[in-house]
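Below, in structure tokens: the form predicted alone, a single chain.
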């Protein structure tokens, strides 16, 4: 579904991503992990077509910036970009019309209900709390049910109910053979959701592992993460915990 080949991105003299390559299978859930500043958001924005870069990105065999690719690729940004003078319901209607969706009303109300926004559908974008803005941000990304959906730090600011509903929706989309790429630096939030994990450090992919491969290694995702990003082994982590105690 997605092929990222030798992507490099610089901001002036700063190298944000260096020779990044990976492949996502159709219907899979992949988590993109890494500490702050690792390059996760840069590679996500490159895939969606917001940035210029060196290399090649294909979505279902199509150039990622083509009109055809944009029709099957959805994105939930880390920071919601809402219109202050549109209500919650008007945001959803605006997106539905932009995507030329048909028979979307039931899906619209289902999402607003599941994320506890139905009773706030007349509130304007600038009247929403940060948590509610993030919930609306997710509803907007989920409404079109794209063949491939990318989410950048989707659980930041969510309450426990919203996190539970988002996890359910991810499983539902997986059952419909949708492909998902979820960027986060909070390992616990995605530990049971993923089929493949990518770990970035200093703009590079330092680990690319399937769930079965990780299970065969005897390591947890957290252990692999700290081994890659901080050069810590499981024994080091155990000693560190003992010292803190």
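Residue numbers count along the first chain shown, from 1. Source: prediction; values computed, not measured.
The same protein also has a form predicted in complex with a small molecule, omitted here; what follows describes it.
Visitor: If contact means any heavy atom within 4.5 Å, which of 191-199, 66-74, 211-219, 41-49 contacts the small molecule in the model of the complex?
Guide: Looking at the partner contacts, the answer comes out as 41-49.
Visitor: For residue 231, is any heavy atom within 4.5 Å of the small molecule in the model of the complex, or not?
Guide: Residue 231: no, not in contact with the small molecule in the model of the complex.
Visitor: Mark residue 24 yes when one of its heavy atoms lies within 4.5 Å of a heavy atom of the small molecule in the model of the complex, and no otherwise.
Guide: No, residue 24 sits far enough from the small molecule in the model of the complex that none of its heavy atoms falls within 4.5 Å.
Visitor: Taking heavy atoms only, is residue 20 within 4.5 angstroms of the small molecule in the model of the complex?
Guide: The answer is no: residue 20 has no heavy atom within 4.5 Å of the small molecule.
Visitor: Is residue 35 near the small molecule? Define near as a heavy atom within 4.5 Å, in the model of the complex.
Guide: Close contact exists here: in the model of the complex, residue 35 approaches the small molecule to within 4.5 Å, heavy atoms only.
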